[in-house]
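Shown next as structure tokens: one chain only, the form predicted alone.
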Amino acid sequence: MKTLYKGLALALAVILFASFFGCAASKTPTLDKIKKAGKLVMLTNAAFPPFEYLGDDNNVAGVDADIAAAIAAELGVKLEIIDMDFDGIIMAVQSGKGDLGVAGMTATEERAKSVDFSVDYVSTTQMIIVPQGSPIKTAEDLSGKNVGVQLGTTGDLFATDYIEGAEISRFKTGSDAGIALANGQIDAIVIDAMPADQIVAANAGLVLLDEPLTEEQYAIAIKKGNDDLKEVVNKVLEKLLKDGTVDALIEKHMAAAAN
């Protein structure tokens, strides 16, 4: 009987060993899948200039699109961009709808529970936009006011968590919030610094307050476990940061998005 049990145990161990390594072998590395498909899929929200916006040809342009194109070139594949609502990007990256979430996205601890992030590539702040002549001068003055934000952004999170007594109006895009503020439908906007500059430039009568509300860093969202892709993304970002390309792209697209 002991011999029989030993034989059964050995057979079971062999089956489990084969099953484990068979499953491991069937998991194709992310880069292999991307190269086989011939494309890198970027998820974004094209309403956040200068990082993403619709160009004159109605295609997505911006700092992030150019960075993603550089990553795709490094992999030897074409870039495909999917434009979607910002607040759905993290879940879409998780589910594999796209390879990268590149959308002027702040790397927060909460988001990092759901996705991995690349190295930081832009430092920014949250800012306040108000109409000229507004009594709002500081963040404290936003209490009791109607504050516009872009849905799902860190501006939304800041306004919700830290501005007591404010009514929060959530818009799909920062541009929509800008129009609402210019039309007197809301009292102020909380949004990232560079898109804030674009909103003020596009809407006469709006001004930017001097006081920054936060310090943040943008990074690229990657599905957890896709370490081979993350390694390439970081390699490309570090090169673009070192040679000044990221700064040049910001300057280029600030000008282009303003036209």
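From 1 onward, residues are counted along the sequence shown. Quick caveat: nothing in here was measured; it's all calculated off a predicted structure.
There is another form of the same protein, the form predicted in complex with a small molecule; it is not shown, and what comes next is about it.
The contact with the small molecule in the predicted bound form, taken as any heavy atom within 4.5 Å, belongs to Met105 out of Leu100, Ile71, Val147, Met105. When contacts are judged by a 4.5 Å heavy atom cut-off, Ser118 does not count as touching the small molecule in the predicted bound form.
Put simply, Phe48 is close to the small molecule in the predicted bound form: some heavy atom of it is within 4.5 Å. Contact check for Arg111: a heavy atom falls within 4.5 Å of the small molecule in the predicted bound form. In the predicted bound form, the small molecule sits beyond 4.5 Å of every heavy atom of Asp197. Only one segment in the set 132-140, 75-83, 147-155, 178-186 has any non-hydrogen atom within 4.5 angstroms of the small molecule in the predicted bound form, and it is 147-155.
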